[in-house]
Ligand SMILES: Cc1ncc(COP(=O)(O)O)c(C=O)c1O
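One chain is shown next in structure tokens, namely the form predicted alone.
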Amino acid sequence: MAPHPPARSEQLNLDSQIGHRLQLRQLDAPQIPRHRLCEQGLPGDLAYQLVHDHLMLDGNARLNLATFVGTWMEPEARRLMEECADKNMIDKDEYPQTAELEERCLRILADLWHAPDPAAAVGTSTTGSSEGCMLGGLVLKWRWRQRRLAAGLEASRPNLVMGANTQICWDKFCAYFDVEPRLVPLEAGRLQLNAAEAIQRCDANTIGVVGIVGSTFDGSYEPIDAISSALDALQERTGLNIEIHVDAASGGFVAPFNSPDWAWDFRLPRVVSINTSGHKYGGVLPGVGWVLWRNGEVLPQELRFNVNYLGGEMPTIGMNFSRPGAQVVGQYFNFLHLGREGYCQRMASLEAIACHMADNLAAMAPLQLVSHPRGQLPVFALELDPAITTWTVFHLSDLLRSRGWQVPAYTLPANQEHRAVLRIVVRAGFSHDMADQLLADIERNLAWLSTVAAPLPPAPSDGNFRH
């Protein structure tokens, strides 16, 4: 991690020294090159100051209402992670205690997600949910192919059923591993996958159905239980045995606490694998994810590997190899520090703040709620009254950025791309007071925009926002 910046008195002295040293160096070099190596390196304190100054214009991470990725941790957790910054997670023989913490985290998640036997669940830490999704999808494809070949059937045209609201990593999975994506388009009153639409697209070549617990577009949970029941009925009618992978990138750390009675996880026998992001609502700084399979029987031996050149026989499942152990340690810190009660309190607090904001914004004309955070992720989306034609949500997003707030505006996926929305993500570190400040800034900007008589020039737009 970056060294702590000096105190103010030290900073003034350092600035003076660096300014003088830069002037001296400019006698030999007119400027420090940006796109090639310097002929001579810079002292560490000077290199630090140059990079530090360059980064000052970055957005304030605490004011970033766009990202699901954590931007705050307790100082004790940061200290632990700094102590482990040099540990490579794959070197389990050299760092057996860190490897033990990874195993403990996996067992905790298996228990949290109601694995029939948490000790028999198999999984791995990853760099994030995208890697977890790739592994989950790859196992679905492998198991489907094994079943097809064992029955003497061709296995060259696999497909995967999911909603158009899936995260972009699933598009990547289908492209990378030659799987046909069967995307269910959204409708005005349905911004997610449902059971009926999923079943319509399943056939003998379907490797699985992806259900999302916490959509990136509006924070909603997809009805995993209803999809599972519909697949049960499909198997009774046709004999097709289609498995479910749950993409719980955000909801894997939320649903167990704000919807504890809802069966979305390994309580459903058809759910064979689940991924989540520790660096989202797991409360860890990026990047760490997790993927679990309900037991070892559903993870083919052909996808498990061993290496021995690190000093011992090391099993490896992940797609990446070298990756930091610090975030795994940070995850275990959170499990110890928060416990079940602490996570429950955190999720309840975030939901209360999100509901407070959603209810207040819904009362501000001409904003309209697309989703409400009650009982789902502490995330919600807003759109404009269609009668407003002189400005768009992109203009409001741009105005908020002038105050430091990063509130994304984007268009919805296929079949609803004509709708542009704002989305607000409430995470740990975002307080009730900060929420009130944002509400005041939005109200002030809406008042100014209401005076606009002619259409404003187009505001910056990133198009479809799938983060």
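These numbers come from a predicted model, not from an experiment. Each residue number is its position in the shown sequence, starting from 1.
We do not show the form predicted together with the ligand, though everything after this point is about it.
Interface residue among Thr392, Asn258, Gln327, Thr216 relative to the ligand in the predicted bound form, by the heavy atom within 4.5 Å criterion: Thr216. Only one of the listed residues (Gln331, Ser129, Ser125, Ser273) places a non-hydrogen atom within 4.5 angstroms of the ligand in the predicted bound form, and that residue is Ser129. Heavy atoms of Ala249 reach within 4.5 Å of the ligand in the predicted bound form, making it an interface residue. Within this chain, Phe430 is remote from the site of the ligand in the predicted bound form, having no heavy atom within 4.5 Å. Using a 4.5 Å cutoff between non-hydrogen atoms, Gln167 counts as a contact of the ligand in the predicted bound form. In the predicted bound form, the ligand stays beyond 4.5 Å of every heavy atom belonging to Val139. The partner is not drawn, yet in the predicted bound form one stretch among 106-114, 347-355, 146-154, 273-281 has residues with heavy atoms inside 4.5 Å of the ligand: 273-281.
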